[in-house]
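Heads up, the chain below is alone and in the form predicted alone; it's given as structure tokens.
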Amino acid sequence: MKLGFSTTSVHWRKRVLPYALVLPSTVFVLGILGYAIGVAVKDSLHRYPMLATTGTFVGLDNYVNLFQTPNFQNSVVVTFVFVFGTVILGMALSFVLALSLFNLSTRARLFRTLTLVPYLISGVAAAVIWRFLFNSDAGFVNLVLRSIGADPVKWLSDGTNALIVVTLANTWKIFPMSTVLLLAGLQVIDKDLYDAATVDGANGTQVFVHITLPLLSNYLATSLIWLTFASFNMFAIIFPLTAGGPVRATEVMALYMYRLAFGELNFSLASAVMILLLALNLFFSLLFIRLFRHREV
């Protein structure tokens, strides 16, 4: 007796079954996110008296008021400096570390696991570590500066220095995940392509530009999306590290949203900030996908 599968059965198993298996979890996640986004959109279009459950429909007035508020304008500028600084530094570190880990010998692959340690540490713990390092009086960095005869620096009490510190701390916390993504991309590239390029006389730069980068396009887009998303929504490091100070120099939009909601109990404006953050995340995600789509090989 000859056993086999019909064409319809094989097509169903390969094309339909994977989607059917992930459908329940997808519906569950989208349902929770959809409800939260729906409530935020509704609240951002209404104005509620303090602690009231019903409000007055005001349309886009909350958004207009936000953009006319100096503190919100400041948070937007700080956010973009913070995000772009993290993305540029994070991608550079991720690329260098991913290439280094890829070239490690089998016995040294323990370092690949150690790479994830900063990501596994909680945001509050990471903030405590960086506050200890950059404390103006007894911080490790200033201790090193004093030991070499240099003047100590007011890291967290100066606006520019504090923004640099939180950007470095955020990069240290989230870049390991983008490193893992790039490392996964390097591991799936066919090594025969490199051998063929070497036989054809291509040098290291040509191989990197014409083989490695194009084949990593999807992974680069995913890494950029991760770094951007994590930075736009970062709260856990900044709040315990600087609380948005000094003088709102590190108050990003996520922290400003928190202060509106739980400091001023203005959930309408806080919801408007949330929707703007969501729009920024979607915009940059679609931008990165579009930019790297044309680089596919």
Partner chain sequence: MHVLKNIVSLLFVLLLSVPLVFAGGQEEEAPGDEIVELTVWFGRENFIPDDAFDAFHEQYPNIRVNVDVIPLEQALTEASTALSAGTGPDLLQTDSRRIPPLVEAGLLYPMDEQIQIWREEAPDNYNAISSAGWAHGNYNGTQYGVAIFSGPFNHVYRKDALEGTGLDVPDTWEEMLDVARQLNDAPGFYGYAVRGPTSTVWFSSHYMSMGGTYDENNVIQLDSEAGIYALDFYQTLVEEGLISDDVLAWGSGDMRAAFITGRAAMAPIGNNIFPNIQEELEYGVEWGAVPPLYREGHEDEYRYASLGWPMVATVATEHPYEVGLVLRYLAENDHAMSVARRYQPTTVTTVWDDPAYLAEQPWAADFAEPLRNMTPTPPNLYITQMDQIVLDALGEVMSDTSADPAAVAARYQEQLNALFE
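Remember, predicted model here, so these are calculated numbers, not experimental data. Positions refer to the first chain, counted from 1.
Unshown form predicted in complex with its partner chain; subsequent notes refer to it.
With its partner chain left out of view, the stretch that reaches within 4.5 Å of it through heavy atoms in the predicted bound form is, among 26-34, 258-266, 57-65, 224-232, 258-266. Only one of Ser122, Thr198, Gln206, Asn71 comes within 4.5 Å of its partner chain in the predicted bound form through a heavy atom, and that residue is Asn71.
Checked against its partner chain in the predicted bound form, the residues Thr115, Thr79, Thr212, Asn135 give one hit for a heavy atom within 4.5 Å, which is Asn135. No member of the trio Lys191, Ala279 and Asn281 reaches its partner chain in the predicted bound form with any non-hydrogen atom inside 4.5 Å. When contacts are judged by a 4.5 Å heavy atom cut-off, His46 does not count as touching its partner chain in the predicted bound form. Heavy atoms of Val247 reach within 4.5 Å of its partner chain in the predicted bound form, making it an interface residue. Contact annotation: Leu156 falls within 4.5 Å of its partner chain in the predicted bound form, judged by heavy atom distances.
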